[in-house]
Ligand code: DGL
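As a starting point, one isolated chain is supplied in structure tokens, in the form predicted on its own.
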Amino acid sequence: MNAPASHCPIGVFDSGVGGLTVVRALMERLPLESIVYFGDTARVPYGVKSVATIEQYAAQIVDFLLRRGVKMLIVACNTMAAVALKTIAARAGNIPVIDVIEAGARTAADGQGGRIGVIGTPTTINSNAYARRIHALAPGARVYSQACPLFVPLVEEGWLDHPVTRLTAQEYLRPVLAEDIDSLVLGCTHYPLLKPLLRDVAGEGVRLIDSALTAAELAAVRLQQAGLAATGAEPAACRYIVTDIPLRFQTIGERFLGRSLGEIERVDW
């Protein structure tokens, strides 16, 4: 495998559309960087599949992105990050790999950790991946996790400040807020779109940790460390590749990205 170069794109991948919040954060934090986004929309959701199947899918996506000449891989899918990271790292070889769980856990654990709430999909929460990584970085931290299965469909429906969403958030957050948390990790790439509502529900005294933003920050650090940061000699571009284009993908994707998606490439395995 050829060594990556600074002009090569960053590869970002997810099981569907949620990882576009990571792309949005990268565009804002690293405007000189080109990006290739891969969403496995034909096989979403991953959360109901076996570990072996998720590892197989992740390996296929990594191989595809490596053939596209990426210089870094960002695992924007919490499910893949939770159960397939070793497989991804092994396939990546000398290409740096960042994942949203590691990025969020590092930010949550900075300082001495404290009392940390984590919200995510049932698969991510049941994997205990955030709690394990936070405890590895800050052994004294107390972590309180809560699955929020209704948030993803509510976000994709566009109900970002709907009374139903607010009531759902109040119900989900009640157990973790009762633990007097000082930080709340948004452990799903859909959740940044709910940040204003979640801030209202959690209160100003709780720090919200957006794993999309933390992944972009970690990417900036790692690119500089590896000497791979783009210089601006070539214009930045973003390509979007999916395995299926549902009718609502364009609408949902543009909501997540905060801008037009433009042309979307479809690949067939």
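The numbering used is simple: start at 1 and walk along the sequence shown. Source: prediction; values computed, not measured.
Just so it is clear, the following notes concern the form predicted in complex with ligand DGL, a form of the same protein that is not shown.
Novice: Select, from the options 221 to 229, 202 to 210, 38 to 46, 24 to 32, the stretch whose residues sit within 4.5 angstroms of ligand DGL in the model of the complex by heavy atom distance.
Specialist: Selected range: 38 to 46.
Novice: Which one of 89, 147, 152, 131 is close to ligand DGL in the model of the complex, taking close to mean a heavy atom within 4.5 Å?
Specialist: Residue within 4.5 Å of the partner: 152.
Novice: Tell me, yes or no, whether residue 188 is in contact with ligand DGL in the model of the complex, where a contact means a heavy atom of each within 4.5 Å.
Specialist: Output for residue 188 is yes: heavy atoms within 4.5 Å of ligand DGL.
Novice: Since only the chain is shown here, I'm wondering whether residue 121 would be in contact with ligand DGL in the model of the complex (any heavy atom pair within 4.5 Å).
Specialist: Residue 121: contacts ligand DGL in the model of the complex.
Novice: Need the contact residues for 77 to 93: heavy atom within 4.5 Å of ligand DGL in the model of the complex, sequence order, or none if there are none.
Specialist: 77, 78, 79, in sequence order.
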